[in-house]
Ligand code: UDP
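First, one chain by itself in structure tokens, the form predicted on its own.
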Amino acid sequence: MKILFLDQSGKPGGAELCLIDIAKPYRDNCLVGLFADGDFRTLLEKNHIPVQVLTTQSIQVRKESSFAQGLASIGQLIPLLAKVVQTAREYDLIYANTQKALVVGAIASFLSGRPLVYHLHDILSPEHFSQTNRSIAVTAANRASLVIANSQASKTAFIEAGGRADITTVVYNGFDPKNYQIDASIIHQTRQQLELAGKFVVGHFSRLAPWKGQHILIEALTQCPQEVTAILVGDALFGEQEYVQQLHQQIAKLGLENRVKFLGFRADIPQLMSACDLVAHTSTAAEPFGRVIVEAMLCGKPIIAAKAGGAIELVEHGINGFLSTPGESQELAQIITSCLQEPEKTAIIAHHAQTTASQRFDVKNINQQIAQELLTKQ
């Protein structure tokens, strides 16, 4: 089967990292078409996955865009659409991995006669998308042969927004457990380099954005013992630099300059996670899946996840991790402190999570599920 994968981003986010794993088995018979150039292209090339940047002009539509703003982008889409249609005729299937890719892919599917598959990585709710964006996404997705939702939460929101239940199935993200087995010497070296010796390190791994809730973790630190330190791994995207400034101001106001480190965007996530004592996921709005949650489990690290969306499907409180009410810094602080003060109990929970996650989210099993679904949609 020859597959044309489409993705709007030049930057490697969660959806893009997922796409790499999905495309690997098809690398001899696929092409990943990107709507922007960047580090994601480099990652695809490193994994020997054919990739082509289909346009150099950014599509000026965002999750909160209005109908008028959407219409204004049509001129940008026409040259891109023509290229996608021409390319699609050389493949058996169009696989749209993001929302903008879905819109282009749906039109290209109609014009080229190729079936469309949409991988839904979002929760289509008012908290995340404008009414216009939700309507466009659902209308386009309903023309697909298959919609793969990355969690039951994503599927439910899609159907509630008007999506077709009969074409929608849930397939969780896949991971290679071997990538999260880090040698103890590397962990020690990482902690030394980051000057974390003697600290209880809470890691936060996501882009710096208000709904990702880094400010909640910072507030929680004021209610934790002094040895609790946080590392924030990730950078601002989509014009969210103002939030980064607010975080620095918050840290200065609370006198936490020596207890919070900004590491920016990093490619060595497994090494950094393994150097932490705990990983915190603090999203204030429902997360579609929560890739960082599974990664922490695979690293053998205890995870505290915000109790909403896909996270509830991944974490069973007190069994394979901990759940905390979104936005509640005091509750988060209490769980962090408990993990610090009860290391044996916390280690048992983390070990259980690592064992079960290695089986439940193994990329080989996940890819088999996707392959079976695709075979029925050719």
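Small disclaimer: the values here were computed from a predicted structure and weren't measured. Residues carry their position along the shown sequence, with the first being 1.
From this point on, the text means the form predicted together with the named molecule, which you will not see here.
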Contact residue in the model of the complex, chosen from G234, G213, G174, G300 - any heavy atom within 4.5 Å of the named molecule: G234
Which listed residue (R164, R266, R89, K307) meets the criterion of a heavy atom within 4.5 Å of the named molecule in the model of the complex? R266
Exactly one stretch in 290 to 298, 215 to 223, 254 to 262, 185 to 193 has heavy atoms within 4.5 Å of the named molecule in the model of the complex; which is it? 290 to 298
Is there a heavy atom of R207 lying 4.5 Å or less from a heavy atom of the named molecule in the model of the complex? yes
Could you confirm whether L17 comes within 4.5 Å of the named molecule in the model of the complex, counting heavy atoms only? yes
